[in-house]
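Heads up, what comes next is one protein chain in two forms, each shown on its own as C-alpha cells, labelled structure 1 and structure 2.
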Structure 1
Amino acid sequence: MGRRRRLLIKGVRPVARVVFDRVTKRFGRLRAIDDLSFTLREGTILGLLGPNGAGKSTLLKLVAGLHRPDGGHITIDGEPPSPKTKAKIAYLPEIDHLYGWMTVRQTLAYVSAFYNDWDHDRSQELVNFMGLDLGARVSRLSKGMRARLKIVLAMSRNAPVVLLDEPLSGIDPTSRSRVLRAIVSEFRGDRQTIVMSTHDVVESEALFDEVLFLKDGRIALAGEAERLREERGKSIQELFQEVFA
C-alpha cells in the first residue's frame, strides 16, 4: 500500500511542507519537545509513535498552531503557523473538543463554514459510513461515536496536512476498525500527508509509510516503515518495544 502511494506522488510538487528546525517546547522545567529537527515527507502517512508523555501531542499542537515553540522554528510551506497555515491543516485532537450542545448537523455546518476545501459529498458519505445520526446532540454521543465524528470532521476536507492525535484512543474494537478504514479510504496520497500519533502500534502498523519514534521529546528512530522492517528484520510493533523498553 505504501509503495503504491509513493508511486502516485512521484514527480508531484509538494503541497504542504512541514519543517521543524531545532524546535524546543517547555512546560515549566519539562522539555516536552527537545531541539527537534525533521521535515515531513509529503504524500505519506507518518506514524508518530511513543509512549505517553513522549511529546507526540505537543508536536502535533505545535504544527496546528495551538502551542508556540520556546526555541527553533516551525514552518508550513515556509510560513510559521498562522490562520493562513491553519487552513492547510486538519487537526483531530485526542480530547473532546466539540461543542456538546451542538447536534452533529450543526457541528458539520459550523466547522465547514471555515474551510474552502470542505467536501460536502464526502462529509455526507462519511457520516453514513460512520453510522452517525445528524440530529443527535454531541454531548449525548458515546465516546466511540464522538471519535467517529472527529474523524468525519478531519477527513471531509481536502487538507494538505491531516494531524490525527490518538484517533483510536478509548474506542471499542468495532469503532477502531471503522475509523482506520475511513482514514485509509479517504487518504489522498497525491495531495495529502497524514500524521497519526499513537502508542498502540498493532492495529495501525499497516497504515504507516513512515514512522517517527519519539522519546522524551527527541527522535529515537525514524524512517520508512518498510525499510526499517527490512533492515532490522522486525515489525514496527517489535521495534516499538525495543526502542521504548
Structure 2
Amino acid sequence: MGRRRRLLIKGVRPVARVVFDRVTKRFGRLRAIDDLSFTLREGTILGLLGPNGAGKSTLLKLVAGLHRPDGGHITIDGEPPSPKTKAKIAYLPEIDHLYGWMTVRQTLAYVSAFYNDWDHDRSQELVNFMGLDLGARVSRLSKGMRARLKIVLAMSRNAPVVLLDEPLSGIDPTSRSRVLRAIVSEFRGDRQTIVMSTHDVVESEALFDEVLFLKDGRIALAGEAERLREERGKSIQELFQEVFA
C-alpha cells in the first residue's frame, strides 16, 4: 500500500481531497480539535489513531459537515463542507444508527434511496460476503452482524471519501476479520480515500498507508505507515503505546 500517494502535514498542498487549515472545534471550554492542519490526498487509507476522547469522532464529523469549525477552514476538493460535498462522503458513525424494526433488505433499500452513487451489485456481493440474511430483522442481529451491515452501507457507495468511525469497536474477532477484509477488497485506490478511526491498532495497522495520531485534538505523530516503521524500528501498535503511554 505504500506506493499510494502520501499524507502531507503542514506542507505544500497539491490538489487534495480533504484539507484542514488551522481548524479548531470547541465544546464549551473543551477544545476537541485544536489548531489542526493537514492535507489528505486521494487514494490512501488513513488510520486516524488515538484513545477515546482524542478528538477522532469530532474530526470525522467536521469532514462530514455535521460540525462546523470554530476557527480555521476545511475544504473538500477546494470547497467548504456543504450539501454538495456531503454527496461525496460516505460516513459510518460509531453509534448504532440502524432501525431495529427493519429487515436487512429494507435497511438496504431505505439507505440506497438517498444516494445516486449506490452500487447495487457491490451491495449484494458485500451482503453475501458478510453472511447477512436479507430477511432478518435488525433488532435480532448480534452486535457483530450489525457492524457488518453498517460496513455494507458505507462501502456500497461509490463515494470519493469514506469515513469509518471505530468500525471494530466491541465486536467479535470473526466480525472484525470480515470487516477488515471488506474494507480492503472494496477500496478503490484510484478514486477513493478512506479515513478509519480506531484505538484497536493490532488488527488494523496492516491496512493503513498513512497514520495520524491524534492527542487532545492535536497531531502527535503523522506520516507514511511504512516509513514510520522503518525510521522508528517499531510497529504502529508499538508507536501507539509510546505516544499515548
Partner chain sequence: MWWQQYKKELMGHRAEGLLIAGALVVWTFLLLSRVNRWSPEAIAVLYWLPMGFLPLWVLWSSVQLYRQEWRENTSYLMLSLPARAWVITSAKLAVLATGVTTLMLLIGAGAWLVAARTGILAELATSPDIAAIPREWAVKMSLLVFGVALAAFVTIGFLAQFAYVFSRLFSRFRGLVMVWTWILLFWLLGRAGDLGGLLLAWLPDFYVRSLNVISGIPEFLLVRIESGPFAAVALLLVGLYALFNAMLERAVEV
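Residue numbering: structure 1 sequence, from 1. Every value quoted in this text rests on a predicted model; they were computed, and no experiment measured them. Note that the rigid core is defined as the largest set of C-alphas that superpose within 1.5 Å between two forms.
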Quiz item: Given the two isolated forms of this chain, which one is the form predicted alone?
Solution: 2
Quiz item: Does G72 count as moved between structure 1 and structure 2, where moved means a C-alpha shift of 2 angstroms or more after fitting the rigid core?
Solution: no
Practice problem: Would you tell me if A87 moves between structure 1 and structure 2 by 2 Å or more at its C-alpha, with the rigid core held superposed? | Solution: no
Quiz item: Following alignment on the rigid core, what Cα displacement (Å) is computed for M102 between structure 1 and structure 2?
Solution: 2.3
